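Presented as structure tokens, the chain that follows is alone, the form predicted on its own.
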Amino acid sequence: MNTLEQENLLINGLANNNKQAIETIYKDNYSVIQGFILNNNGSVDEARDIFQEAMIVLYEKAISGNFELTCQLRTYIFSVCRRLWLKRLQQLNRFSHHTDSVAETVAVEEELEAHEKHNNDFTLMETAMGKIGEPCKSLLDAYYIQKKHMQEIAAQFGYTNADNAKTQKYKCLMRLKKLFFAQYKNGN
């Protein structure tokens, strides 16, 4: 079964309130929409609202009986969400640019691809972090996520001084880069 057939089954499932179809649409599309809205002056709650509005638009199209998908489902959902979000930003006076000019906006496909690549890179990094092992994982977490100073890290991990902790952090970072780029090259 090709992608178009699968997506038409999802749309039919949505029209018939099939729980599995609805969950699949959410699972396959929500994270990209949330990332787009968070990167464009929005919050998680606003992303949920916009995605829900787009699902309602899609549902109404699906039950109309004459809806024909002319692009990938994710592209359609993204373009609906993008339009809804830009409209909401205008209403909230958080966006002053006039959104009707298609020539002045980035193509939806390109924007979607960029968000998907960004999400894929995060997934690869998360996998690499899972493979790096201890104490590297905790050390990098302490420095980059918890924003601890080298003196604190040296004390926490038992290094004799901040310079030794910095050297170990560098080695861990190089190991993480090696794991990340090995996955990146393999396309995993």
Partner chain sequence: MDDILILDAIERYRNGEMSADEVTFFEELRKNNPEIDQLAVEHNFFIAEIEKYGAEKSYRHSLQEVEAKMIDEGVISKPVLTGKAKVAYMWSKYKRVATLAAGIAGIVSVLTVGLTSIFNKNTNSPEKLSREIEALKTNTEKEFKKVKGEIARIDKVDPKATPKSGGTGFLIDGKGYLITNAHVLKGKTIIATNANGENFIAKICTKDIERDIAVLKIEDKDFKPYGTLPYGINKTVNLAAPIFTMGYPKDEIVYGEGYLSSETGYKSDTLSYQIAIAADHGNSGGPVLNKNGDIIGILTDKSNGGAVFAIKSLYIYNAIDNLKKDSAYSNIKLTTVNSIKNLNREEQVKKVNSCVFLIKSYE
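Take the two forms, find the largest set of C-alpha atoms that superpose within 1.5 Å, and that set is the rigid core. Residue numbers count along the first chain shown, from 1. Nothing here was measured: the structure is a model prediction, and the numbers come from that model.
Keep in mind the form predicted together with its partner chain is missing from the figure; the text below concerns it.
Enquirer: Do K131 and its partner chain come within 4.5 Å of each other in the predicted complex, heavy atoms counted?
Expert: Contact check for K131: no, nothing within 4.5 Å of its partner chain in the predicted complex.
Enquirer: So in the predicted complex, does any heavy atom of D141 sit within 4.5 Å of its partner chain?
Expert: Yes.
Enquirer: If we define contact as a non-hydrogen atom of the residue within 4.5 angstroms of the partner, is L69 a contact of its partner chain in the predicted complex?
Expert: Looking in the predicted complex, residue contacts with its partner chain do not include L69, since no heavy atom lies within 4.5 Å.
Enquirer: Indicate whether M55 is a 4.5 Å heavy atom neighbour of its partner chain in the predicted complex.
Expert: Yes, contact at 4.5 Å.
Enquirer: Residue by residue through 39 to 56, which ones have a non-hydrogen atom no more than 4.5 angstroms from its partner chain in the predicted complex?
Expert: Result: G42, S43, V44, D45, R48, Q52, M55, I56.
Enquirer: If you line up the core, does N12 shift 2 angstroms or more at its C-alpha between the shown form and the other one?
Expert: Shift of 2 Å or more: no.
Enquirer: Superposing on the rigid core, I want to see if A162 changes position between the shown form and the other one - specifically a Cα shift of 2 Å or more.
Expert: Shift of 2 Å or more: yes.
Enquirer: Taking the rigid core as the superposition reference, indicate whether the CA of L38 shifts 2 angstroms or more between the shown form and the other one.
Expert: No, the C-alpha moves less than 2 Å.
Enquirer: Answer with closer or farther for the CA-CA spacing of T127 and F51 in the predicted complex compared to the shown form; it moves by 3 Å or more.
Expert: Pair moves closer in the predicted complex.
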